[in-house]
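First come two forms of one protein chain, each written alone as C-alpha cells, so that there is a structure 1 and a structure 2.
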Structure 1
Amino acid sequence: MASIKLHEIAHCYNAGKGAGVDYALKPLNQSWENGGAYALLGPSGCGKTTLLNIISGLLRPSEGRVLFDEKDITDLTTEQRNIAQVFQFPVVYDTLSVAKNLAFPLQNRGLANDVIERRVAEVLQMLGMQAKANLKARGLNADDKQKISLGRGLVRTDVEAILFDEPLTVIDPHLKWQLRTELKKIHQQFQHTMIYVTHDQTEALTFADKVIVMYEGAIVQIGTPEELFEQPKHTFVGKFIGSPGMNVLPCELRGSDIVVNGNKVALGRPVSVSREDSKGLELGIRPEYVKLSADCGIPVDITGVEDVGKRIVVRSKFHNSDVNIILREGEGIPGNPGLIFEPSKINLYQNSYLVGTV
C-alpha cells in the first residue's frame, strides 16, 4: 500500500503539436493518503479517466511527476508500478477457467502454487463464484465476466493501489448494490488504497471517504460526501450531486436580508455574509431542504409532480428559475403553496463560487 502524490501533473493529448495547449487535465497537485478510498466523480470528458491512467502508468503525463510513498515513479511502466486496475468493460481471458483467470496475475509474478490456490479460493468466495470456478470464462454473462475482472484486481494482496474505472457500468442494478457494498467491505477490511472513477454520484458518494469532483479537466472540489452535499463549493457541484441537484436562484443582499426576485427569504436571523455588490449573487438550496407551506413563503407555480415511490419530486417554477422540492412518501401538496427554505442549509454563491452560508 502506498500514498499517492501528484506533483504539478497536467496532460494534453496533442502535446508538442504547434501552439495552443489544449489540456485534457489542467495542472494539479494532490496528495492522497495510504489506505484511503477515493472517488473521481464527473461527467464524461472531465479528465477523470486521464488522471486514473496517469496514476496506473498507462498514460505518461505531459507535465509533472507521480510519487508513490514519496518515490518518483513517473518513468516506471505499469508492470513496475505494482498496481491493479479494473476497467469499465469486462476483460477476461476467454480460454481460461474462472479460477485460472483469477490466478493469472499471481502466476505471472511467480507465486507458489499453494499460495495462489488459497488466494484464488478466497476471492472466489468473496465474489460468490465458487460454483463457477471451473467454467470457461468465455461462456459467462457480462455480470460474471465483470466479476472476474474485479476479482483479478483484488486477488493480489501486495499492490500499492487498486484503481477502478467505472467498474459497475455493465452490471445489473441489483448486483450493482451487492458488488459496491462488497468493495466497501473489502476496503474496510484490507485498507487498500483505492481510487474509483465514476460518473454515478451514488457510487462515488457511498464508496469513497473522499470524493474528488472534476469538471472540464480540473478539480472543483474535494470533500467527504457530507461536505459535497451540504456545502458545494461551486454551483456545478451542487447541481451534479443530488437527484435532483441543488436549486440555484439569482438573489441579492439587502442589508441583512436575502431577496429573491422581490421576495424576502425568511431566515429568522440576519445574514452573516456581506458583499459590496450583489452582482452574480445566487442562492443555493437543496430540494431536500425546501418545504411547501400553505399560504406563506415564496409563492410558486407547481409544474409537475413525480411520485417515484419512496419520495415525491415536485417541480415548480418561480419567475425564470426551476425549483425542485422533495417530499417524503405520503406527504401532500398544500393549496396555494409557498416555498420555505431551511435557513441553515442556504448557501450563497457569487459568480458560481461559494461565498458563504447563512
Structure 2
Amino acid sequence: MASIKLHEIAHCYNAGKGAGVDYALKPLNQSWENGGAYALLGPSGCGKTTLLNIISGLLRPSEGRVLFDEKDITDLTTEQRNIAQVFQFPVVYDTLSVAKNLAFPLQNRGLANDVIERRVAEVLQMLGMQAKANLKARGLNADDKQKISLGRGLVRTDVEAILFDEPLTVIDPHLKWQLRTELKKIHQQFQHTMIYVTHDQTEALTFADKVIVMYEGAIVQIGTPEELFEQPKHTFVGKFIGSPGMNVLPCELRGSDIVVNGNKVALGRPVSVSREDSKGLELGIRPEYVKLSADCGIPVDITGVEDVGKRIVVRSKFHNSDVNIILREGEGIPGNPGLIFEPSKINLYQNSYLVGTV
C-alpha cells in the first residue's frame, strides 16, 4: 500500500494544438493517505477518470508530478507503479476459465501454486462464483464477466493501490449492494489504498471513508458523507448529493436575517458577509429540514406529491424557484401551506461557495 500525492497536477488534452489552454483537469494538489478508501464523485466529463488515469500511469499529466510514498513516479509505466485497476467494462480472457482468469495476475508474478490456489479460492468465495470456477469466461453474462474483472483487481495483496473506474455500471442493480459490501469488507481486511470513481452518489457514500466531489475539472469538496450532506461547500455539491438535492434560493442579507423575495428568514447566527458586499447570495436548505405549516411561513404553491414508500416528497413553487419538501411520517399537507426552514440547517452561499459564520 502507498500514500499518493499529486503535486500541481493538471491536464489539457489539446495541449500543443494552438487552441489555447482548456483544462480537462484544472491545477490541483491532493494527498491520499496510505490505506484510505476514497471515492471520486461527479457527473460525466468532470475530470474524474482523467485524474484516475494519471494516478495509474495510463495518462501522463500536462503539468505536475505524481508521488507514491514521496517517490516521484510520474514517468513510470502502469506496471512499474504496481497498481491494480478495474475498468467500467469487463476485461477478461474469454478462452480461460473463471479460476484461470483470476490466477493469471499471480502466475505472472511467479507465485507458488499453493499460494495461487488459496488466493483464487478466497476471491471466488468473495464473489460467490465457486460453482462457476471451471466455466469458460466467454459463456458468462456481463454481470459475471465484470465480477471476474473485479476479482482480478482484488486477487493480488501486494499492490500499492487499487483503482476502480465505475466498476459496477454494467452490474445488475440487485447485485450492486452485495458487491459494494464485499469491497468494503476487503478494504477493512487488507487496508489497500482504494480510489473508486463513480457518478452514483449511493456507491460513493457507502464505499468511501472520504468522498472527493469534482465539478468542471476541479475538486470542489472533500469530506465524509455526513459533511457533504450537512455542509456542502458549493451549491453543486448540495444539489448533487441527496435525493432530492438541496434547495437553493436567491436571497439578500439584512442584519442577521436573510430575505427571500421579501420574506424574512431567521438565520440564527451572524455571517462573514457585509451588506455592502452581499451580491450573489443564495440560501441552501435540504428538503429534510423544510416544514409545511398552515397560514404561516413563506407561501408556496404545491405542484406535485410523490409517495416513495417511507417518505413523501412534496414539490412546490415559490416565486421563480422550485422547493422540495420531505414530509415526516404522519405529516400531511396543510391548507394555505407555508415554508418553515430549520434555522440551524440553513447554509448561506455567495457566488456558489459556502459563506462562513463569525
Partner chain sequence: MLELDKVSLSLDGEVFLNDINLTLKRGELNILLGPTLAGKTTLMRVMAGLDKPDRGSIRFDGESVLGVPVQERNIAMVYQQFINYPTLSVYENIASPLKVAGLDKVKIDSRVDQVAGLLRLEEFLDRKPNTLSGGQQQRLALARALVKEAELVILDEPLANLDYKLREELRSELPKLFAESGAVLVYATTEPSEALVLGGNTACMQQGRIVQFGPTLDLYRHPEALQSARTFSDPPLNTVTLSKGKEGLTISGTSQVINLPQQQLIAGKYTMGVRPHHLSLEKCSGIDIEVNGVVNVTEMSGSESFIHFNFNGNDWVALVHGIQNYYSGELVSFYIQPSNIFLFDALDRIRNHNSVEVTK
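Every residue number counts along structure 1's sequence, beginning with 1. As the structure is a computational prediction, the values presented were derived from the model and not from experiment. For clarity, a rigid core is taken as the largest C-alpha set superposing within 1.5 Å between two forms.
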Compare the two displayed forms of this chain and pick out the form predicted on its own. 2
E329: with the rigid core matched between structure 1 and structure 2, does its Cα shift 2 Å or more? yes
